[in-house]
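Structure 1 and structure 2 below are two forms of the same protein chain, each written out on its own as structure tokens.
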Structure 1
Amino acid sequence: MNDLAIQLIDVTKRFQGPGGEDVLAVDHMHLDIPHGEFFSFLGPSGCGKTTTLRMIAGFEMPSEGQIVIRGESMGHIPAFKRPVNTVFQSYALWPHMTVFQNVAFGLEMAKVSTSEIKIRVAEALELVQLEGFDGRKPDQLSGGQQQRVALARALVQKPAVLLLDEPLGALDLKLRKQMQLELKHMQEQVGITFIYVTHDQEEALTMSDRIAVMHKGRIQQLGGPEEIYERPATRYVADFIGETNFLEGRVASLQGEWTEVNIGDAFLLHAPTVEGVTNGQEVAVALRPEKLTVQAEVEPNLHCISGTVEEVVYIGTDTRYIVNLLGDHRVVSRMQNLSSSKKLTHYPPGSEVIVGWEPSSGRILTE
């Protein structure tokens, strides 16, 4: 039996622009998504992520290529006949109906028996932690509760795949973070495939088994959260996922597992060798701010470069330093504010400091 929930085979989508020109929204995408995976499309507005979701749902048809769900080609199968359900950011609840009626509506349209509807709606409301809310109207619920009703309405029909189009975007930050964990827990409980669309990097990293980072209709990198964050494949991915320092340079020598990179005329550093790098090639070395320490003295086993603190920003859990290295390269360091027994030494603007990092923290990027 095919163990894939979704297959996209050379899928392309073109729209006609306002001037009659072709706009390429999705560009020859190949993708396999296994059953039971929490999969996220991540990228900025206009990258093609929502268009891809809408093609899977059947709201848009591909210009070229094939979409396969549970081993069956969707061809021109309309949205209402596909084994998927979609949850939108807008919730789309019927205001005149109770919570029970909203959740039960799809089952009633499918001619499910009244007794089974009661059982399945109760199970769905328990799953989203809304037991006892079945008699309320949407305007009697908070935003988070309305989102849970939308999820229950989608899950009650037991789709093979649940499609989620930025469903937490309308919630405040604290509630959004709470719902991220709850969504992941729900997905693990029901065991069905979730395909999630978001522009929020932290959201994707928190919930996903795998992430497709998209740019201009193409997948830039596909992998697990740790791989995407720690080992970005391109400068675009490194820049889009979190905050990154880029040190521009040229490969000085290749030494097996390590590569020497000249950063202008300022300094030489080592970073792990990556596939495809060549001697003399222009590259960028990516360094995450949390990998950099700001300290008073040189420390053995670290790359240590002298610099001057330009700006200090206290952000609660961390202190953010902007440091000018050797008068030519500006980097950002995020130092964790530890417990009172291990207080961080603070360096005010103008302080002469040493910026240090482990050589293995650098990531050489060739594109």
Structure 2
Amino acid sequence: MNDLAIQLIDVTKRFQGPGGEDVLAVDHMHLDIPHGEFFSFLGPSGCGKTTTLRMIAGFEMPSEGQIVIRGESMGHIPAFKRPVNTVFQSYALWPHMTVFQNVAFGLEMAKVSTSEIKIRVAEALELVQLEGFDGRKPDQLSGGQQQRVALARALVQKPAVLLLDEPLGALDLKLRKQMQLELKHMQEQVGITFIYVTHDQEEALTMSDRIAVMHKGRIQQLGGPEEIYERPATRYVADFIGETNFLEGRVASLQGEWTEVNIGDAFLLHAPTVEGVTNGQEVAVALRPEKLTVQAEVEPNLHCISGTVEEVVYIGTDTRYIVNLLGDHRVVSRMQNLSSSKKLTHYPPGSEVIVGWEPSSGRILTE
């Protein structure tokens, strides 16, 4: 029990909607987050990520269930007494205070001595690479610098858990990528549990130890980045994380490790058996575009289905093919443009081609 930083036990949050109706923002959530983990909530806008974070921080109280931080049930303990700190999406820096005052505030409230405050603020500003900015006001900083101050303000208090609500959302792409890596390093350096909220799947995959994919207040899937990406549990997850081809069909036979699926009576394919799949069940087989190759010849060991190229899009690193497979199943394939010296074969629209993939890269989805 003691190695858990956060436990959510059957946590539900209802809001009153504008018309007085109940809005279920978080729906009976169960979750254990161990110490030192970089944990992400990933989901589209409105799925309840912020609400979950705010309940952990103590800005909202759960309608049902309880929140346990380091083995201690939070009940109605107010935000200012909880051993967590938040990096707000809008940063929420106090505009009338300097960078130093912003970072020092929490320590002042904790009645830390002036001399120690100086040392710790300096350390925190060094950690976020803002030495020498002590005297500036927030409006004299760039967005990225403000973001760092918000981070320093939270980290200086040495919380058990750091909560981050889309902290990079307002930054431009390049800075965001850089900050993703920096945040990850920082987390490893300070060893604090990070709970990170984002709607950006790439961001979640890059940084997290584990990810909870949320949908309508529920966790749809919980797992490591690879698991979430390679073995999505539901159509929703497969669709939300990256690009996916869905081949709709019916289970033809179960053969131990392999399941045979009949795709609209056009062709049969094999994919690894998943838990709970039954004979005759309506399923979808999910295939990532990068697992599909477009080629001229049938190859052994691959599932090979013939089709017609409909569209070719060259996007620099890759070429995207949209191919209409046998039985009118449209799929997207993404082929890396590996080497310019090795003449790439291009298949113009209208070409008759073979689309091939390893049977193990198909993922059967039952819901």
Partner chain sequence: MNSVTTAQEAARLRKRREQGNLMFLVSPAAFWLILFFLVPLSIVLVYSFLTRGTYGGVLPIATTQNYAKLLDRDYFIVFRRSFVLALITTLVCLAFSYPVAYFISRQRARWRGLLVMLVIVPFWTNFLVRTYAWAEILRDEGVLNNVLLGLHLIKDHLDLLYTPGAVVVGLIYGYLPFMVLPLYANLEKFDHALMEAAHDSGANNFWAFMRVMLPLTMPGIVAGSILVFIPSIGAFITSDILGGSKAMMIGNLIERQFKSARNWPFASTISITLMVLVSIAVTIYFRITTEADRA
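As the structure is a prediction and not an experimental result, all values here were calculated from the model. Whichever C-alpha set is largest while still superposing within 1.5 Å between the two forms counts as the rigid core. Residue numbering: sequential along structure 1, first residue numbered 1.
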Next on the checklist: Can you tell me whether structure 1 or structure 2 is the form predicted together with its partner chain?
Outcome noted: 2
Next on the checklist: Rigid core superposed, CA of Trp258 - does it shift 2 Å or more between structures 1 and 2?
Outcome noted: no
Item to check | Pro95 C-alpha moves between structures 1 and 2 by 2 Å or more, core aligned | outcome: yes
